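In what follows, one protein chain appears twice in different forms, each by itself as structure tokens: structure 1 and structure 2.
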Structure 1
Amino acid sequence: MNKTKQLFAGLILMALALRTAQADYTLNLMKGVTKVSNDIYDLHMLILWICVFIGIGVFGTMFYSIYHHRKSKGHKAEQFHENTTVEIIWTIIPTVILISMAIPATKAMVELDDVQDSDMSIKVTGHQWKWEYEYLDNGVHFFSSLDEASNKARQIDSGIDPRTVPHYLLNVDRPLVVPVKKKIRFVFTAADVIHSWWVPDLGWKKDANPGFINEAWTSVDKAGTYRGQCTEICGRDHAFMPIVVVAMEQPDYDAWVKKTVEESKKGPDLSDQSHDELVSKGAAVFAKNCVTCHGAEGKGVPGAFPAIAGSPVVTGDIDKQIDIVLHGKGGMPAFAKMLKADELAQVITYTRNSLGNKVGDEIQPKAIQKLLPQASGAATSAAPEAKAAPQEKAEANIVLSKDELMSKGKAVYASNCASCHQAEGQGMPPTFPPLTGSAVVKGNINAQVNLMLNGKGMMPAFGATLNATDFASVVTYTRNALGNSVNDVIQPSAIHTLQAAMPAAKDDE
């Protein structure tokens, strides 16, 4: 009897503890701020109560039978075999239960995968260790990284109490901004390893796999800020690539888009900087983008990430270092797409004159800018109006050799095309077709140019985002590289003529 009392007392205490834990740590699912998240919550609760009902029925019957038909009361176990009635009952009842659970579950799964009739599309690419966002409808494009305050606090021996940092490890420098009450289609992929994009308030998570495309959608009902994280172990800094989604009312969202596009037109600061200024600013760029792999003191991680201190690449020919920083190599990402020309010049100068290195040279932003395609280095793609008139005039008459076009086209391709069609042109079927052996790329060059100028489906209209030189270069590159050997070229002057006619064509429409 005492053991029975102890058992019930223990159960009561456990229930009280669970109630407290639920209040502090939320044991149940959250409802979220989307219809999908609420439907998933309702499905979860339905299945939970069905399971509770089954548990009460099964265990209640079992405990009742054990207690009231025990041997001490003179009962003997009944022997029976192949009772048809019992077998029919225990087959029909579970079948009915499973069907009653399958119908709402299937409905919810179909709803989750229905990306049709979306109002806008956003491509999400996972990188070690940041997120890249491309708004496929308006050309906005930027990278989102862990915020500076969290990044400083998480360093070993930083001396900063993480509890003093607002939203520690759950804040970013640039959040993903979306309008409320709009159906938003997401396209997920990765540039290196498997990542997973998860914002609990949206009600789902989706893997981002290199070489593959996953899709999902959401429609946020309430304006606000919603936080999430990468939920796939993607490397040593997996814990430091959070996600922040800011949902705005449509007027506020439109104003954000306008402001973001206007800021992108400003471009990088191309003025000459003193050696000390380059080094000083480069330290901040290094801390934000490089310290994760190479360490705060440039010692790297032996066997994984090479040291900067004493590196033959960093202390050697500056042009070779620039090429690796811009275009990447192995586990090194291509920073031409992530950083602006001034930031690239600053961090390159910093690494060559700090962290135990004393080369004594430098590189100015102007020199870096000449190596970048038009859209590189900016947070968003620049609009045609941002082109300078002297550049337009020069492009109208410029003639480049095939080698010059190919060399520049490789950089343009890496910054604007590789994320969809992949570095070697293999694409990600069926969403992004391969360029290797493509009938479009190997066919009439005018047809390819027209497709790239005006876009089609998921293909953006590059006539509005690339200048004539970059455009001609990447067309020539795709037709003579990536497994293709058409052996033809197109000059910037021809592209310039077509781009100049585009606004007039739109007015005629």
Structure 2
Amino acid sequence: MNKTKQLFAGLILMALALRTAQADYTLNLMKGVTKVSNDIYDLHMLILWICVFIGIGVFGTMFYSIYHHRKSKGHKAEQFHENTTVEIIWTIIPTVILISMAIPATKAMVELDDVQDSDMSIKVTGHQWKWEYEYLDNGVHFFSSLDEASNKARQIDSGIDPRTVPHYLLNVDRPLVVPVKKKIRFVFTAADVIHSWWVPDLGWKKDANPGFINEAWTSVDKAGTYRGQCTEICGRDHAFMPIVVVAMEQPDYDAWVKKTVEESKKGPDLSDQSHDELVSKGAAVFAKNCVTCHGAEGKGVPGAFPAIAGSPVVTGDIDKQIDIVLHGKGGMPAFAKMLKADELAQVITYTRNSLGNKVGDEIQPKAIQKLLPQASGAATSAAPEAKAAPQEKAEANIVLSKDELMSKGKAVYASNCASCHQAEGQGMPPTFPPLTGSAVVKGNINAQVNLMLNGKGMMPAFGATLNATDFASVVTYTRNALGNSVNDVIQPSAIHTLQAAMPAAKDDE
């Protein structure tokens, strides 16, 4: 009997230890800050206790029988098999248990997947190795990468003790900001390889696959900062693309949106800079955007990432280098949309005159700006009031040739539409319809213009964010390129008239 008492005392001590460990969230799931995450936690606890109950029942009976009916006491094994009653009982009981587990589990799954009736949508794109966030309702658009302090400390031989860096590898330069208590729908995709977006406090994670759209939603109950990471091994810097979500009260969020839109409207600093200024500022741009692949000294990684030091491209024709940096090539990302004209000019000048290179030339921000896709909406879609008044008059009577419309339209398409409808117009069904062969694009032009002016579902309204010339160009482009050949055009003047008739620039929200 003494032994049995000791055994029980041991079990009770273990249970107490588990409770303490749980208090520090070292052992159990976290409850998180959303209804879904709490429901998942409750489900997990329910299933856990069912399992504990079954475990105690089964093992309790087993140990009791072994102990009390042992041979040394004179017990003899019963000799029987095929007992119908027992077989029916051990089929029915587990069935009932399984059903009682499946019902709450299914409820939680259905809740988790229901993205309907959301208040806003955010498109999340995984890149090697940063996250891109596009707010589909207000045009806010930015990239979020590892913060500078972590990035410095993580370099080999940095000499910095990671323990001294706050939120080491869990901090970013620009967090994803969301309002509390709003149903936020996320659409996930990736630009290169599979990534996965995971913030434990929200209760779920979702894969971001190139060429596919996955959906999820959240509604954060409590303002605060929530951290997570990419959880799909996505290449050498997989460990360096954390996620930070900052949930704010609605008024704070509105202020943040206003500030962010204003900042992005400012655009790049296009004034000329001295050679030395370009080089010295370029060093910082290089450290932040290029060292992950090309190395701090520009030596690269043989076989994977070419050296910048002594590279024939960098020491050769500057236009070729600009082309690669702006538009990418193979594993080299396109930076045209990720960096501003001044940063691009600085980093290009830097690579040519540092890291062991001495070409001696430079490029100014102004020259780069000309090569970027139409400034409207390249980094952040312009806000409604961005439309310049003098331009308006000009657009009322402008007439462009089809070729002019097409070439302008191509650039407008690349910067405003390709992120959803894709570069060749193939779309990402079922969420983003293809424009190639689309019934709308091949149908009545007025219906297409109308849809684009006013938007529909997740398709943004471009009536206030594109000027008449860009708007007419991109309509013409979609109808005569991307595999379509309707062979009609629309002139800026026609769009201008429609825009003038629209209800005065809507004050959204």
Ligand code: HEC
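For clarity, a rigid core is taken as the largest C-alpha set superposing within 1.5 Å between two forms. Just so we're clear, the structure is a prediction, and the values are computed from it rather than from any experiment. Numbers follow structure 1, counted from its first residue as 1.
Participant: Pick one: is 1 or 2 the form predicted together with the ligand?
Facilitator: Pick structure 2 here.
Participant: Comparing between structures 1 and 2 on the rigid core: C-alpha of residue 482 shifted by 2 Å or more?
Facilitator: Result for residue 482: yes, a 2 Å-plus shift.
Participant: Would you say residue 447 moves its Cα by 2 Å or more between structures 1 and 2, aligning on the core?
Facilitator: Yes; residue 447 is a residue whose C-alpha shifts (by 2 Å or more) between structures 1 and 2 when the cores are overlaid.
Participant: Rigid core fitted, then: does residue 188 show a CA shift of 2 angstroms or greater between structures 1 and 2?
Facilitator: No, because once the rigid core is superposed, the C-alpha of residue 188 moves less than 2 Å between structures 1 and 2.
Participant: Upon rigid core superposition, what is the positional shift of the Cα of residue 425 between structures 1 and 2, expressed in Å to one decimal?
Facilitator: Rounded to one decimal, the shift is 3.6 Å.
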